[in-house]
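Below you will find one chain, with nothing else, as structure tokens; this is the form predicted on its own, and questions on how it binds or moves follow later.
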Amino acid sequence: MGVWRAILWRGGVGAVFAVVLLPLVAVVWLSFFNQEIIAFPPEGYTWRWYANAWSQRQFASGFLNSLEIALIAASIGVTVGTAAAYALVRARFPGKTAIAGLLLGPLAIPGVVLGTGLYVFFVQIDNAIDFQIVATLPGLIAAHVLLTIPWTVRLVAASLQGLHPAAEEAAANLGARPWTVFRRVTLPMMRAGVVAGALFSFIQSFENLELTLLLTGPGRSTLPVEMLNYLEFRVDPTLAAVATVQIVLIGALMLITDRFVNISRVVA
């Protein structure tokens, strides 16, 4: 009985990994198809779709825009989210549960709904004070910050909840000021949560399509938006090649980050 239970357990785990990984493998495989119209079995394999993607200027422009927005939004979101997570875990104040729910709320709202709500809100601001936010870089960054804060709060709070405050109390009893305690004791202890929050915040911002599609403006299209625009006119493995490059870059980023910080300890 124990042997069959182990076989079923491993089979179930293998099935879950297959569901997660097979779409990625399929995208990478499609990027090497020789024919322009995707069909099975492939007629051959080629690298020309990667060369075609490299020659499309809109992809390079979209990549740089996505990188800029993701870096700025992740930096702001991690700073605000880390402070909020520290307050939610360590402090006691009225309405803490409601504030925690408000900060984590964007995780439960579909991207299209969130983007539509922000678009209407930005238009209302424009009508009220004659200040345009829609289709501007600051407006898009502000929207992406709403995506990065919940991830940071969730991961940093999970990291802090596993840390006993005894070390902080000891440092304070020895005469360290609150800022010194936070900088020299607390921050190093929750480094894994902060790094994990920064990584996942960057990925969420960089890969976002639904919210960005409703708020982007001329000359500020991100890479996912440019990929969707390309799909309107052509259906070939070029998009699979671009997606493969993204998969490799994000995978490398996660592996490098995990090399210095054990992300699985926080995310698990």
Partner chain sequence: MTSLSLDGLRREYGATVAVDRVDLEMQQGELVALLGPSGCGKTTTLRMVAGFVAPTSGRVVIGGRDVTAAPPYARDTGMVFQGYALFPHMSVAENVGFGLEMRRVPRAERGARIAEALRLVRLEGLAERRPAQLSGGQQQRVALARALVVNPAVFLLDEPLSNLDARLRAEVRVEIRALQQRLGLTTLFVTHDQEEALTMADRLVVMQGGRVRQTGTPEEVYERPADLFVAGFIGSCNILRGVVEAPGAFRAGAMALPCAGGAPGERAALVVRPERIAIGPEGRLPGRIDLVTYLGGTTEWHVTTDAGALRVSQKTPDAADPRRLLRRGDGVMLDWRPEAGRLLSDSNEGEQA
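Numbering follows the first chain given and starts at 1. Everything quoted here is computed from the prediction, not taken from an experiment.
The protein also exists as the form predicted in complex with the partner chain; that form is not presented, and the subsequent description refers to it.
Novice: Counting any non-hydrogen atom inside 4.5 Å, which residue from 171, 76, 146, 87 sits next to the partner chain in the predicted complex?
Specialist: If I apply the 4.5 Å criterion carefully, the residue I get is 171.
Novice: I need to confirm a contact call. Of 110, 101, 138, 178, which residue comes within 4.5 Å of the partner chain in the predicted complex, counting heavy atoms only?
Specialist: Going through each option in turn, the one that passes is 178.
Novice: Could you tell me which of 150-158, 68-76, 126-134, 178-186 sits within 4.5 Å of the partner chain in the predicted complex, going by non-hydrogen atoms?
Specialist: Only one stretch qualifies here: 178-186.
Novice: Can you check whether residue 91 is within 4.5 Å of the partner chain in the predicted complex, heavy atom basis?
Specialist: It does not: once the partner chain is placed as it appears in the predicted complex, residue 91 has no heavy atom within 4.5 Å of it.
Novice: Is residue 167 a contact residue for the partner chain in the predicted complex, using a 4.5 Å heavy atom cut-off?
Specialist: Answer yes; at least one heavy atom of residue 167 falls within 4.5 Å of the partner chain in the predicted complex.
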